[in-house]
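We begin with a single chain expressed as structure tokens, specifically the form predicted alone.
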Amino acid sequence: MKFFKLICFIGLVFLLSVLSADEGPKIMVINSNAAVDKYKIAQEEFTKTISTPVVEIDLGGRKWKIGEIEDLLYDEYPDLVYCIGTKAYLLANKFISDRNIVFSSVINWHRLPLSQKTYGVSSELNPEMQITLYRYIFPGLKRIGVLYSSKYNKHWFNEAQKAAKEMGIEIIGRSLSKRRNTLPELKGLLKEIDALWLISDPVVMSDKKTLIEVFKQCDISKIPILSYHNAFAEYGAMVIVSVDNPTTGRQAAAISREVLSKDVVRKKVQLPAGSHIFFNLKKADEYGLKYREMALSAVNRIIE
């Protein structure tokens, strides 16, 4: 009888281990706000690509109490959590920083508290690549202006300025500490530059009214705006180089698979793998700008 019970016990342990192995790793997705289109698209592509059931949390879907999030994270205690947006990342890092965390859609990830198990996809495209493109389209481009806040984009600005210098282009920056300084600094900057590089920065671009005024002032001075989001096309941006959001989700899924399979992730935070390029030909002709026609073959969409 004892021998029979021992055999049953061993069989039960084996069965549980098999079932546990079949379950696979536990993955969680925390979205700062799934109502934001680019966040939603990244999440959809991630869940489709990862091909493993995931627990999904939308921080923007309702009012969450910190205690609720904490309890949920500890109860689930995932092997890996994909965080979309800064809010999602900071919560995961606060409560389960010992787990694998992959992030995307975070402005200036260098300012985040990072751990040995932090991985991600940068929301900023390679500045060198963008400057090369701008110079390729506009061979006469010499001086590019940038409004930025040190809090969010100091590291990015330094990298961009260094890359531009190597290509014979001067980047003239104005660092803002307060949102109300955007327009006064812009008016002074427009006298010194050939183009304005409008980057993602919540201090610089705090509301729609400011955005509209920035485009208005540049239009009056016939200074082209180089930007990062397709939505700016309707305001008259000259060149837009935007991150491809579906690719970001797939890229985060690929990183997650490498982490969970214990493969060596060569670069823990990667540049976005995909981009779209818009060129406003109508606005270029209106400003009388000289552009390289053969460069238009590299453009995904031309606005005429």
Partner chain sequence: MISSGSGKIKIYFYSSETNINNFKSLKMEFDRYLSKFGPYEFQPFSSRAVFEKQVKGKENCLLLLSSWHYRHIHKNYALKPVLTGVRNGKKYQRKILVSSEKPADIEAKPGLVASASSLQYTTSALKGMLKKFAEHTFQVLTVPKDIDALMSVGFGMAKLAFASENAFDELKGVNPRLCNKMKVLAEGEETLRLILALPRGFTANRKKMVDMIKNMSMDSDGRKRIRMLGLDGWQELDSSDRSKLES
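Note that the coordinates shown come from a computational prediction; the quantities given were computed from them, not determined experimentally. Residue numbers count along the first chain shown, from 1.
There is another form of the same protein, the form predicted in complex with the partner chain; it is not shown, and what comes next is about it.
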statement: Checking 69, 277, 59, 41 against the partner chain in the model of the complex, the residue with a non-hydrogen atom inside 4.5 angstroms turns out to be 277
- request: Can you work out whether the partner chain is within 4.5 angstroms of a heavy atom in all three of 167, 251 and 267 in the model of the complex?
  value: yes
message: residue 204 versus the partner chain, in the model of the complex: is there a non-hydrogen atom within 4.5 Å?
response: no
query: Is residue 129 a contact residue for the partner chain in the model of the complex, using a 4.5 Å heavy atom cut-off?
result: yes
task: Although the partner chain is absent from this view, report whether residue 293 comes within 4.5 Å of it in the model of the complex, heavy atoms only.
output: yes
- prompt: Does residue 26 reach the partner chain in the model of the complex if we count a contact as any heavy atom within 4.5 Å?
  reply: no
- request: Given that the partner is absent here, state which listed stretch (231-239, 26-34, 59-67, 258-266) has heavy atoms within 4.5 Å of the partner chain in the model of the complex.
  value: 258-266
query: What residues in 286-303 sit within 4.5 Å of the partner chain in the model of the complex, counting heavy atoms only?
result: 291, 292, 293, 294, 296, 297, 298, 299, 300, 301, 302
task: Have a look at residue 208 and residue 245: in the model of the complex, are their Cα atoms closer together or farther apart than in this form, given the change is 3 Å or more?
output: farther
task: Have a look at residue 182 and residue 122: in the model of the complex, are their Cα atoms closer together or farther apart than in this form, given the change is 3 Å or more?
output: farther
